[in-house]
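Coming up is one lone chain in structure tokens, specifically the form predicted alone.
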């Protein structure tokens, strides 16, 4: 039964953002399992546990305490057992430097956190529906920033 689910993992230190994220997925009509972690240290501990099923898509906030999203992204891409996870940067930042740095470090897509719930639901629906194998094979700056 678990293999029918799209496993989503969100790493975000903002409790309200985690709650909205979960609520949006409850309204999306796809079979998903959503887990959340509070910061980068917790994220890496979660991903390195032997007994877990790795997420299909990791939504990664950049600005987190203890270990930020950029540090996590670099570590994920260095580790053989994690390097193929689809990583969607999910941040309030629209900084050109952040976008460039995450692209260079191997993120699959960059999403600026939307300000309204309907837009959040639409973006999450789109991201989960992406054929990641196709999307990542032709990755370039034009399709890196997701804007709907």
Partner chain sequence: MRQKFSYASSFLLKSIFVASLFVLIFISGVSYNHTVALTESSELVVHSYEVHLELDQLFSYVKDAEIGHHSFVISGDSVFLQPFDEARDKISKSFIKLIKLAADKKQQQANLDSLYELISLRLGQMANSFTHKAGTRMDQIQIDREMLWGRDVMNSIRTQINSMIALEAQYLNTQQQKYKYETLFTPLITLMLLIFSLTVFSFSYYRISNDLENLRETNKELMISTESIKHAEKIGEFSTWQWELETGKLVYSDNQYQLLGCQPQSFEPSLEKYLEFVHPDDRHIFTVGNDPEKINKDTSVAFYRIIRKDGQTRFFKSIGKLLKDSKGKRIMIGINCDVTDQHLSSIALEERNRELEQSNKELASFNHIASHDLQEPLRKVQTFISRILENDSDHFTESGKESFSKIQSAVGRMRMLIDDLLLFSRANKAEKIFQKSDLNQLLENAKAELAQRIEEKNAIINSTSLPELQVIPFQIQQLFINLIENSLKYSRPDVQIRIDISCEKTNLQNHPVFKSINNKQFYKITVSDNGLGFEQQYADSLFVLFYRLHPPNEYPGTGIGLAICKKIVENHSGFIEAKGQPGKGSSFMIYLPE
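The structure displayed is predicted, hence computed values, not measured ones. Numbering follows the first chain given and starts at 1.
The same protein also exists as the form predicted in complex with the partner chain; that form is not shown, yet it is the one meant from here on.
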_Option touching the partner chain, based on a heavy atom within 4.5 Å in the predicted bound form, out of 38, 68, 92, 32_ = 92
*Does the partner chain get within 4.5 angstroms of any non-hydrogen atom of residue 105 in the predicted bound form?*
no
*asked:* My question is simply whether residue 48 lines the interface with the partner chain in the predicted bound form - judged by any non-hydrogen atom within 4.5 Å.
replied: no
_Test of understanding: in the predicted bound form, would residue 56 fall inside 4.5 Å of the partner chain by heavy atoms?_
no
*4.5 angstroms heavy atom contact with the partner chain in the predicted bound form for residue 84*: no
*In sequence order, which positions of 22 to 42 have a non-hydrogen atom within 4.5 Å of the partner chain in the predicted bound form?*
23, 27
